[in-house]
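Just one chain follows, in the form predicted alone, and it is written as structure tokens.
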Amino acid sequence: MNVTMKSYHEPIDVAVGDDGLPRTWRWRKSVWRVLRILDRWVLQSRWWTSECAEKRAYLLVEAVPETRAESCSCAVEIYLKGDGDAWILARILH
């Protein structure tokens, strides 16, 4: 099984559910639907200093573009930047 990964780090418009987790997002004129959350973690740069560090709340999700069948799903890494000011699509794993 060959797995390819491509990094993007581009902003996405996310629709979240009542639990605050992404349900869908729009990226490059396509709408993606989250099928399930596979993993989650938080990274914070320069946590050991008193300077303001960037915090990122990552999610690894199984998602599918709405124009494709669920059998064509892939793993997508997205993150919420800072204090919730922007969602970013980090990587897509095919």
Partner chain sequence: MPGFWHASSTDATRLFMFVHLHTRSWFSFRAGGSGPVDLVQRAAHLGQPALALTDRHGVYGTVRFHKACRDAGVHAVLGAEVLVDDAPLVLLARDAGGYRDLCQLLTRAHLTAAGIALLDDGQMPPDTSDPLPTDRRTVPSVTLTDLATLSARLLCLTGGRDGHLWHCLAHRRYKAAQHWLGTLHDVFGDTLYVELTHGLLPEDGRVALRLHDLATAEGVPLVVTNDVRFATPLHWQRYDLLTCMRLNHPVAEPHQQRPRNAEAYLKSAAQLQRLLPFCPDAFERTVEVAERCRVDLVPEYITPPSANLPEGISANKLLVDLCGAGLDRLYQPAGQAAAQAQLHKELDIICGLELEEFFLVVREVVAEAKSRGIRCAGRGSAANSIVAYLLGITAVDPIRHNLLFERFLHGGRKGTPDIDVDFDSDRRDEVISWMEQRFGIEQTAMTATLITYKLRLALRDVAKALGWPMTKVDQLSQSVPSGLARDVAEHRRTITKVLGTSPLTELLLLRVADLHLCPRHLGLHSGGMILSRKALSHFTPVQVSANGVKVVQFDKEDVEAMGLVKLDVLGLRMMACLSEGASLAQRHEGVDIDFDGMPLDDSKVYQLICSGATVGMFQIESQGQMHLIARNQPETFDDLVAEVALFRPGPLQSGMVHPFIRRRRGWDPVVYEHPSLEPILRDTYGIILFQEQILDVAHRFAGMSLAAADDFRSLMSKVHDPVRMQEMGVLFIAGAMERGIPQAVAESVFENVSHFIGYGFCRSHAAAFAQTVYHSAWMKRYHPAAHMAAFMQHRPGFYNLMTLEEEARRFGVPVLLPHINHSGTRYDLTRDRAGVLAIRKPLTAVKGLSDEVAEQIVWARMAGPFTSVENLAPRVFLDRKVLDALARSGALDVVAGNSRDALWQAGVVANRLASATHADTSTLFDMPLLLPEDLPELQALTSAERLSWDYKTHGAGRTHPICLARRQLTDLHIQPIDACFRFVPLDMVQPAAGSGTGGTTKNKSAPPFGADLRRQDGATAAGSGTGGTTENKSAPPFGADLRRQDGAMITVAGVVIMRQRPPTAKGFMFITLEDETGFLQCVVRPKLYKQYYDTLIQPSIIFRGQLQATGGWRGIIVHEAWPLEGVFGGYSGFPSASGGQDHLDDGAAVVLTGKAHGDSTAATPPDPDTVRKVG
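Because the structure is predicted, anything quoted here is derived from the model rather than measured. Positions refer to the first chain, counted from 1.
Although it is not shown, the form predicted together with the partner chain is what the next lines describe.
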{"property": "Any non-hydrogen atom of R28 within 4.5 angstroms of the partner chain in the model of the complex", "result": "no"}
{"property": "Any non-hydrogen atom of Q44 within 4.5 angstroms of the partner chain in the model of the complex", "result": "yes"}
{"property": "The partner chain contact at V64 in the model of the complex, heavy atom, 4.5 Å", "result": "no"}
{"property": "L59: touches the partner chain in the model of the complex, heavy atom cutoff 4.5 angstroms", "result": "yes"}
{"property": "Non-hydrogen atom within 4.5 angstroms of the partner chain in the model of the complex for each of P11, D13 and V76", "result": "no"}
{"property": "Residues of 77-94 having any heavy atom within 4.5 Å of the partner chain in the model of the complex, listed in sequence order", "result": "L80, G82, D83, G84"}
